[in-house]
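Below you'll find only one chain, the form predicted alone, shown as structure tokens.
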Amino acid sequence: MPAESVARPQLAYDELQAIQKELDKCMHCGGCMAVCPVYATNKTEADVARGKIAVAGAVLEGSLKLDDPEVVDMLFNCLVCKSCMQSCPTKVDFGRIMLALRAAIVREKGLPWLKKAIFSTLKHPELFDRGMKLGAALSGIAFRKVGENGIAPRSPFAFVGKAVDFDENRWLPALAPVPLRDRQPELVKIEKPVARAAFFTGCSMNYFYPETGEDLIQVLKENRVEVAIPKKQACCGIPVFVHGDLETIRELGRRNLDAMEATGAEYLITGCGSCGGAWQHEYKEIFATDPEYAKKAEYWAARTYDISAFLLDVIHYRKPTGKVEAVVTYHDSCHLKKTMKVSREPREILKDVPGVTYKEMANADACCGSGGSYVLTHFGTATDIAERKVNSVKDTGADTVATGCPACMMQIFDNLHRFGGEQKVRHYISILAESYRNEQSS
């Protein structure tokens, strides 16, 4: 059959009509109301999946327009946490519906100028990298140190930022003076390795939590895994994808797929559910009609693992013997559990660490309110959602809350301070790395 006559799948992200089959699955039962974090806060039909599905149907029928400001606001008032998809009896892919609608908005209206300016820097990773390093160098002018490795806006910036909820009470992780990928060689060699894995660092671990990234690398080394860390990798693209910018995520995806292909690695490892979800699922979908990159996306999707799943299910890792005295509870990040289907594995790792007392929190898989950039655009709702999470953490009596997502770490760190929690916030892999380090001293 000639190549030009091969039927290619219709993509919901490029053609809105393709979501009709998902809309038809909805039986309007309202089951999504029980788990939606936005609905739990605002209690309006427009906030829940069922309400947004009704609006999507009206858009396809032509009775509502995508350039209606009220429609746009409603469609962006969603964390895309996928909680509704876990409880839906008819398995509606609501995430696909939301992202397709947002992509259609961008096709029709274009990106707002501010988003366009910010997202354009991501398409130039070298420029983005220089900007982040400059921000780290100059952060002392606008921010003061708070807590452990945290910063908060200082006056007069805090006064100006108050109008957009960026006042002196906003706690953030400090930008690292030297990012992770600048600290490490492109190939961390191991004598007689059992495997070679490429480490996709993501932006947050590279710029905000490089020590966590180094912990992940140490854990792989302890288990005789050679680690490739390609310098040419870029943002996974999920932050722009959730805002409807298909052009940018495809450009970033091509760069990342090419960078990983050059490593010669057998596996791809992530320490972030959003990044891992992009590699396992989103790249496959957005490149499904691309004759070159569809194959690359399929190849790496089958070889992508969260670090916990790789340790437990692929290489059957060496259990640590070093003691870490801590009472730990665990927060399931939305994309790690609901997209990558990883929940058991981090808990098993934490329970394997000598000295750790594990305490399960109530509603551990309830969203923390971060949603990547949702906390920036809907701060009030995001903070109300986070307060419920903080209360669940405090109720356990734990002194440490672990998670598998840097964005969740940021959100929980900020709101523990805001709502009177004193727990440390750590990536679960750092607790395992500490145990390995403690083996030598014991």
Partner chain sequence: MIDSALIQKLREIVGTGNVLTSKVNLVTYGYDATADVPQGRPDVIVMPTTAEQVQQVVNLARRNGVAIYSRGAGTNLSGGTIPVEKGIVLSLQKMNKIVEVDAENLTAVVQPGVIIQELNNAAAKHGLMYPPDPGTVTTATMGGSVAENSGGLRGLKYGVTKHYVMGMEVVLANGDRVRFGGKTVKNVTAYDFSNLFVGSEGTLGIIVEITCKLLPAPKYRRAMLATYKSVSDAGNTVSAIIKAQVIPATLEILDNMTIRTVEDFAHVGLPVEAEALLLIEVDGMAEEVVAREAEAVVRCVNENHGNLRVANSDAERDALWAARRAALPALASLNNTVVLEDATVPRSHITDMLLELRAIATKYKLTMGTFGHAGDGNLHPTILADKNNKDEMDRVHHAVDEIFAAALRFGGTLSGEHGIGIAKMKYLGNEIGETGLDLMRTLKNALDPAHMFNPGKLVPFPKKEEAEVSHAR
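Positions refer to the first chain, counted from 1. Because the structure is a prediction, the values reported are computed rather than measured.
Same protein, other form: the form predicted in complex with its partner chain, not shown, and the subject of what follows.
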item: Location of its partner chain contact in the predicted complex, chosen stretch of 393-401, 35-43, 375-383, 411-419 [non-hydrogen atom, 4.5 Å]; value: 35-43
item: Contact at Met27, Leu64 and Glu70 by its partner chain in the predicted complex, all three, heavy atom at most 4.5 Å; value: yes
item: Partner contact for Leu60 in the predicted complex: its partner chain, 4.5 angstroms, heavy atom; value: no
item: Any non-hydrogen atom of Arg344 within 4.5 angstroms of its partner chain in the predicted complex; value: no
item: Interface membership of Thr90, its partner chain in the predicted complex, 4.5 Å heavy atom rule; value: yes
item: 4.5 angstroms heavy atom contact with its partner chain in the predicted complex for Met74; value: yes
